[in-house]
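Only one chain comes next, encoded as structure tokens, the form predicted on its own.
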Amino acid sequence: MEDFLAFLRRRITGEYEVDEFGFDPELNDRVLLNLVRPLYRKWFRVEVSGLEHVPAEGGALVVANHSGTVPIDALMMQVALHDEAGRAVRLLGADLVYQLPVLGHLSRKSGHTRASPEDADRLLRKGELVGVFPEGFKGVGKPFSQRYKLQRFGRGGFVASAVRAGVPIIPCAIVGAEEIYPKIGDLTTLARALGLPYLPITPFFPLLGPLGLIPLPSKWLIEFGEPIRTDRYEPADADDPMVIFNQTDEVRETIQAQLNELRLRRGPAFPPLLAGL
């Protein structure tokens, strides 16, 4: 209780640190991660492998597949790196996130920032662990029929940032997110009216209303692969389209191979009672 009261006192008096991006480590560790940790440990029963590939210190870029209709995979990766590897990951998010008052503010507080080359460069040069999901909305919003098939990785801006900073790229495969909200349709007209990239139809939403928002308890595996070195390049190579294209393609192929292997290792997505879903 004394510790909790001291925490509240610091919040009231403003005696806590926030960096230039709005990251509030104490609030993140004491409150925000605790809100999602039950999902990580009890609901999705996340298992993590390859932690030896995550550097204990210094800059690195974690590149992961994106899926699940709602980007819960980003939060689960954040918990995995914080709890299992002892590192805070600075996730790069879409502009839409920061246009939403409450969500944008909390994202900043938890260490996230806009997916811009400038922010990525600054964080990597500061020695931060940066996380990116190059598929963006194309990945998280793809239909269930396309599950575990990587979408296009954009123009490779994340690779250019890693090359400029000379930091390793850590490929990350996440299996389990595809099954939490199986997307079988899209309310396209309503999504456009609301300014959203998509508005999903799942087997339970909007049919069951708010109950349809409860994610299915799929079994999750997260694997961090062997680092892909970028220090073999010169910083000027970040402006060479062919270098960036080839390196981006290597990262994408590596993650796809990880996904294929990880799916086989996991087996069924659900416990026996739910295996028929």
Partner chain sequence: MTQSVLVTGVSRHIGARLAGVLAADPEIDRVIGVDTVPPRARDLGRVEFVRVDLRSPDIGQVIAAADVTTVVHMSLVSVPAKSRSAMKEHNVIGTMQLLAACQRSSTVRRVVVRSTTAVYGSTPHDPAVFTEDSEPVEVPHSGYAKDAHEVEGYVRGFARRRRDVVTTTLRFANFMGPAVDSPLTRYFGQLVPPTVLGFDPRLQFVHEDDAVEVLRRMATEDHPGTFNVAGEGVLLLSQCMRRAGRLSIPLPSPAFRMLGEAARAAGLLDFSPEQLGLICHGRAVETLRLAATLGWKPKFTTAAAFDDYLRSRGISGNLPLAVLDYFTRR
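Bear in mind that the values here come from a model prediction, so they are computed numbers and not experimental data. Numbering follows the first chain given and starts at 1.
Beyond the structure shown, there is the form predicted in complex with its partner chain, which is absent from this document and is the topic of what follows.
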Would Val18 count as a contact of its partner chain in the model of the complex, using a 4.5 angstroms cut-off between non-hydrogen atoms?
yes
Partner contact for Asp119 in the model of the complex: its partner chain, 4.5 angstroms, heavy atom:
yes
Taking heavy atoms and a 4.5 Å cut-off, does Pro101 contact its partner chain in the model of the complex?
yes
Heavy atom of Arg147 within 4.5 Å of its partner chain in the model of the complex:
no
Are all three residues Ala56, Arg87 and Asp239 in contact with its partner chain in the model of the complex, where contact means a non-hydrogen atom within 4.5 Å?
no
Since the chain is shown here on its own, which stretch among 185-193, 198-206, 129-137, 92-100 would lie within 4.5 Å of its partner chain in the model of the complex, judged by heavy atoms?
92-100
